[in-house]
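Next up: just one chain, as structure tokens, the form predicted alone.
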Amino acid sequence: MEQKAIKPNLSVVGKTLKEVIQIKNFQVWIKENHILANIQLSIPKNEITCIIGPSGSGKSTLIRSINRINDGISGLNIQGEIIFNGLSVNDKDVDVAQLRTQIGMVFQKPCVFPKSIKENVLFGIQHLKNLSKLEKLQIAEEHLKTVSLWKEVSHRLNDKAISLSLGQQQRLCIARTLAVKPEVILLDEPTSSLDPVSTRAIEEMMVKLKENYTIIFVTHNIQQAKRIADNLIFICDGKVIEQGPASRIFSCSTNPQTKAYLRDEYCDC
């Protein structure tokens, strides 16, 4: 059976698609463990949605479900729907490889390949055999400039990516994700192992990137969420406790669990 790429639902072409992802009654079990319960979320287009919550609350499981990174986990059982461009990402006919080009992922620790800096940027589009050497260089330059890395590496593109600092490696991973032209970028605590300077560089980059991408950013750092979030989702014990505009939640949340977590970074859910 032919697999399907996730493309915009033709019934809504011509309208402004404000919500690029909708999550409906979504639940996840891993063996006997109920990780996520009845998740209901809408992810706005071209904004930064930050997901916060204590360790083990289900944040990573949630975003890894959006582009099906969790598929290989033993004992995984899901219910409900994640809708992207009008279609369920878990439809049996969905082309998962294509889905992951449309919804890119950046992990907590930089994941560079044992290749050159340039080859890392091009890794996701290496199947395009008809690209000339000049075109490949232009693609690498474009995306390294986007992540503010070009000036630092333009003279050493053939060096191994592992020779870069951790902060540079993480920006390289983002450049590699951008090269396949996704619509959505998922970031799972991408700055947790970085120094403050590298962290701020990535935060500033995300604010610029939201002009062209929808960004879902998991963070354990409440101050970071304050700096970059347009929308905030607070998850505890596998449940969405509160969601909405970050400015409202930070300034006048009425939910006692949210208020306690934002104040003390502790949630007794």
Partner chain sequence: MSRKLQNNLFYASVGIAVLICSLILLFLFGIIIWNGLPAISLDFLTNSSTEFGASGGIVYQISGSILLVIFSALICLPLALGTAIFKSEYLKNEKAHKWINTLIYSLNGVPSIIFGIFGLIFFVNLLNMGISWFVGSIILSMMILPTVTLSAYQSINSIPTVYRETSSALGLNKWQVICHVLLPQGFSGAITGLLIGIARAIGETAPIMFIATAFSGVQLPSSFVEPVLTLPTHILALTQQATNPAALQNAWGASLVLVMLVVIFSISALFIRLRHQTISKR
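No experiment lies behind these values; they were computed from the predicted model shown. Positions refer to the first chain, counted from 1.
Only in words, not in the display: the form predicted in complex with the partner chain, which the text now covers.
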Residue (of 76, 166, 131, 137) lying close to the partner chain in the predicted complex, criterion heavy atoms within 4.5 Å: 166
Selected contact from 105, 194, 87, 157, since only one has a non-hydrogen atom within 4.5 angstroms of the partner chain in the predicted complex: 105
Segment assignment from 105 to 113, 78 to 86, 137 to 145, 195 to 203: heavy atom within 4.5 Å of the partner chain in the predicted complex: 105 to 113
Candidate spot 65, 239 and 241, all three touching the partner chain in the predicted complex (heavy atom, 4.5 Å): no
is_contact(residue 69, the partner chain) in the predicted complex, heavy atom dist at most 4.5 Å: yes
4.5 angstroms heavy atom contact with the partner chain in the predicted complex for residue 127: yes
In the predicted complex, residue 100 touching the partner chain (heavy atom, 4.5 Å): yes
Partner contact for residue 171 in the predicted complex: the partner chain, 4.5 angstroms, heavy atom: no
Residues within 4.5 Å of the partner chain in the predicted complex, restricted to 157 to 188 and counted by heavy atom: 160, 162, 166, 169, 176, 177, 180
